[in-house]
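Just the one chain here, the form predicted alone, laid out as structure tokens.
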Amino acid sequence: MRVAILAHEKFPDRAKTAIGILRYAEYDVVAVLDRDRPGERVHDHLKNVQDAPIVASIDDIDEFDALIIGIAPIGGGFDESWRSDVTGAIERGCDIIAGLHYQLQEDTELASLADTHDVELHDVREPPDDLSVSEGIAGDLDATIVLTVGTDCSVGKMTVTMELVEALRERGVSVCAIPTGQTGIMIEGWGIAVDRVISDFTAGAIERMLLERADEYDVLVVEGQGSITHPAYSGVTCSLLHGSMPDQLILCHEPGREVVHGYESFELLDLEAARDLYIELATPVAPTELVGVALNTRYLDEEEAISVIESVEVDLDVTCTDPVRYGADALAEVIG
């Protein structure tokens, strides 16, 4: 399917959904919309992802099948400056795929226009309506369950999940990604966006997904969300930790980040404290272990990246790498 990705004024640094689609999804991306960067290309900013032109608006694209909203703003709202591009895509008969908390299907104008032009509005963050509480049985599954956790939001948990799954598959392991956020769902084509689930049912939602896949795969890698100390998102992190009952954890971190993204008055825990807190919190429900650290070293040069990786390996006595920069083979080796 040919898609355009909306990333106005956010590409690439604040458009993680767009980047995830470009890096891992099987869509044919015909263009990225960013009114700040018309005339540029994706490869001007990111290597080793699908390339595409960057354009100012939907009117600059010839043919496509769907428009993906490739931004995940804090709070998941719909920016009114996007409306003309969204309506323009609908009028051209293109579906809209969005991972916002704002439900496009509940927008009277968009829903009416979509009905007129016979197109679909896909709100991928809308959860099933038959979820319930966890039964506390994920730990009984035969599959090895791995959960990516983080020191903060937006440090690469989804990316690490996808890189680890790819590396395990290349080693011949029967493995499945368990998507828990909008980008992962768009990439994998299934999943539940747990941050939109009723809080009592969040652990049950992840348990349900694990039960659905455990008989088919030997390893299940759960896409983490938020951070256990995040002032806004810690609830969903804790629910994932207890609902998935992981055998192993991969801790994700961006070196140099010292405060919580978007909540800069809150300091991040150091890696050792974060490791200890995750393990301590998990243990009363299901003991787990930290087997690796995944660093996002995009803002470091080669020498700095290697130095911090080596330092983390010594300090935490676990495997550490940047799976985008150096591949995830080292992390795949310690899973199981």
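All figures in this text were calculated on a predicted structure; none of them were measured in a lab. The first residue of the shown sequence is 1; numbering continues from there.
From this point on, the text means the form predicted together with a further copy of the same chain, which you will not see here.
Enquirer: Looking in the predicted bound form, is a further copy of the same chain within 4.5 Å of a heavy atom from each of Arg125, Glu135 and Pro284?
Expert: Each of the three qualifies.
Enquirer: If the cut-off is 4.5 angstroms on heavy atoms, which of these, Gly189, Gly172, Gly75, Gly93, is the one near a further copy of the same chain in the predicted bound form?
Expert: Contact with a further copy of the same chain in the predicted bound form is made by Gly75 alone.
Enquirer: Could you tell me which one of Ser234, Thr144, Ser84, Gln105 places a heavy atom within 4.5 Å of a further copy of the same chain in the predicted bound form?
Expert: Filtering the options by heavy-atom distance leaves Ser234.
Enquirer: Just one of 160-168, 215-223, 145-153, 200-208 has heavy atoms within 4.5 Å of a further copy of the same chain in the predicted bound form; which?
Expert: Only one stretch passes the 4.5 Å heavy-atom test: 200-208.
Enquirer: Do Ser239 and a further copy of the same chain share at least one heavy atom pair within 4.5 Å in the predicted bound form?
Expert: Ser239: contacts a further copy of the same chain in the predicted bound form.
Enquirer: Check Leu269 for me: does it contact a further copy of the same chain in the predicted bound form (non-hydrogen atoms, 4.5 angstroms)?
Expert: Yes, Leu269 sits close enough to a further copy of the same chain in the predicted bound form that at least one of its heavy atoms falls within 4.5 Å.
Enquirer: Hey, in the predicted bound form, is Gln248 touching a further copy of the same chain, heavy atoms inside 4.5 Å?
Expert: Outside the cut-off, so no.
Enquirer: Residue-level contact is defined here as any heavy atom of the residue lying within 4.5 Å of a further copy of the same chain in the predicted bound form; does Ala89 satisfy this criterion?
Expert: No, no contact at 4.5 Å.
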